[in-house]
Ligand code: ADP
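Given next, in structure tokens, is a single chain: the form predicted alone.
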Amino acid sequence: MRVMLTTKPLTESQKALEKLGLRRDIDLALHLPLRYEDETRIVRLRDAPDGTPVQIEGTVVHQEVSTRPRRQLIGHLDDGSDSCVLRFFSFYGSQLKTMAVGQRLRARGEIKGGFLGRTMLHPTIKRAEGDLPTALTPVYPTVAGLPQAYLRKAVLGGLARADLSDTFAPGDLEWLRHAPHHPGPTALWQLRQALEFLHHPTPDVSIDTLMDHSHPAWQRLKAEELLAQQLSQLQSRRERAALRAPALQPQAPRALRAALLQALPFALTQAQERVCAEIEHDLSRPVPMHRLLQGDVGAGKTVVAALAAVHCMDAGWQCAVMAPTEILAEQHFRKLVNWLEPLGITTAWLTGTQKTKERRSMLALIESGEAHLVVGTHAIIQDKVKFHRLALAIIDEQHRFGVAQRLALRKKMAVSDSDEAGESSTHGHEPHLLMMSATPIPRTLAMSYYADLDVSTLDELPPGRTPIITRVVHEARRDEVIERIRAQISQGRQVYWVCPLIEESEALDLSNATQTHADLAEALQGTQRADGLPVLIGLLHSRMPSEDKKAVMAAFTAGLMSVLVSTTVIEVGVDVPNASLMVIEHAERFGLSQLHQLRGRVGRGAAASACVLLYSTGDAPRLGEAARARLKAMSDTNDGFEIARRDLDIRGPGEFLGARQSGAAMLRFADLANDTALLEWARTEAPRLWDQHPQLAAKHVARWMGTKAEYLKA
């Protein structure tokens, strides 16, 4: 007899739990409340303050469904000291029964006074039965189809079943209590004790300490979470150290490197020299380099990347450079070809918009090994691309690539190596990986989310870079800005005008690039260039055909075009030394690091440069707090490291991480701005726990990260 096995379909509530990522008991236990409701006490109506959530109890003395001015359920509740109207504009039949005349109810909500008496709008109601609860009622983050009652029951069950045994090493709690810079004995609660309290706190607790996460129970959870993050990053670093990579040890006299340095029209800064030495040391070792190269706009990351590439090629291997956009990839391609082609280096170019014949030619060059260097977009990681001897991958603007894309590039490293006897043997090598970012990483982020990386910092700008003056200007002064553009053109300079959208949007009242281009063309009629050539105004946006983009950029780079109206496709990589004015329209809509990147397109030559941040308040009387903070930071400083620090304060870590942690949990509980002491403790404790108590360490990572720790390796 054959037995048919069937799987019971998930209910809507179970599907909703899946959507929230609540699959394990520990996931439920760590799903903490957004806020709390105090149902532990009853407030008499005569004592209930207006504007504050309270719970009242009384008898329903009147009920009606009114249709004027709109359909609504109205009930009158009397507790003997006063009466209150309960008003519902959307309601169910069950609420009609619950609020029947004569029924004794408990209602929780915010009381507001008015012409028609005191009112609760859409209160939570239930029959006044049983004793009052002894703990605050949790209100959890949820999604559609997942009622609070179901979620509370699920969390309670998960909390009861979850293994919450201690994964700290013996003595760690006392060590943490006395750790340098630690705020005191606030992390000494046991994990189960802390979680049970946070799910059901007693009514005498200070709500502020629950909401700002300063309560000792929260401190324990933040210590746990930061330790899990540090352990997973350390695990990733150690696992990578056990892998094999080509040891790139060029033969003396390192001809390509020497020739490149001699050909460069400038000398390296001390910071560039230091960083190049760090990278070359990593490349010479038989373990995969995993290094982040960070530096401010214009600090000279491209030449460092070029020197890393020639180190690789001096050793007889291929190098790939991947950029997030075709414009940025082409900027790299042109600059690298200009430097390296005279040295006899063949460079291949790969993008998704190439014609078939050119693409086939490039693929053949790459597979044969004739192309020493490959530059392109994500097209580099497509299946048809076969490298001959790839050893180094350089990823620019790494935060704009997803985890899957970085993992795909690493898998390209299935190379054929030769042993000393000359016989070919295939080994599964890992590539050396150099990731570049023009957004400096604040120290606390480098200590936490980037703890698995080695970080090299270009903290010195090349000589000759002129300071950029930044002005914040209301859009009402637009005509003054256009006059400034006219003056710049008359002096032979070039101008960027950046718009945030390509087309009109009803949701965002923003000028589009096409209309701005037409308006500027009309406003600048009759303007004379210093060389007598006609004033050309270009338009660049992401929806243009690739060939049109190239033509526009070529004309602007060559100085034939005076003004370039663009969307943010020119955010990084564009280098036109003659451009001396950047106008950013609706600057209040941009992120801080994006504003800093855009500003960095000017100030690249000897001429004094300026950035004008045009802002609009729309129908509001003033800018929002976050927008004001961003624009103030831009006007206060040109220092990218200070900009990054303020950006972290304003927007949190997501601005810096981009897709790096896609699929992995961000820090849910710890706050890098306020929990530096706990982060320092976790950094110290993680290697100690792995070395002395590896089973506890593995259990701790599994509890907090689950399968998500894999994404930290990308």
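These numbers were taken from a predicted model, which means no experiment stands behind them. For every residue, the number given is its place in the sequence shown, counted from 1.
What comes next is about the form predicted together with the named molecule, which does not appear here.
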Taking 4.5 angstroms as the cut-off for heavy atoms, does residue 268 touch the named molecule in the model of the complex?
-> yes
Find out whether any non-hydrogen atom of residue 201 is located within 4.5 angstroms of the named molecule in the model of the complex, and reply yes or no.
-> no
Closest heavy atom of residue 575 to the named molecule in the model of the complex, within 4.5 Å or not?
-> yes
Quick one: does residue 463 come within 4.5 Å of the named molecule in the model of the complex, counting heavy atoms only?
-> yes
Heavy atom within 4.5 Å of the named molecule in the model of the complex - the one residue of 289, 77, 120, 297 that qualifies | 297
What is the one choice in 557, 137, 488, 272 with a heavy atom within 4.5 Å of the named molecule in the model of the complex?
-> 272
Listed range touching the named molecule, judged in the model of the complex by heavy atoms within 4.5 Å, from 128 to 136, 298 to 306, 153 to 161, 91 to 99 = 298 to 306
In the model of the complex: members of 621 to 638 within 4.5 Å of the named molecule, any heavy atom = none
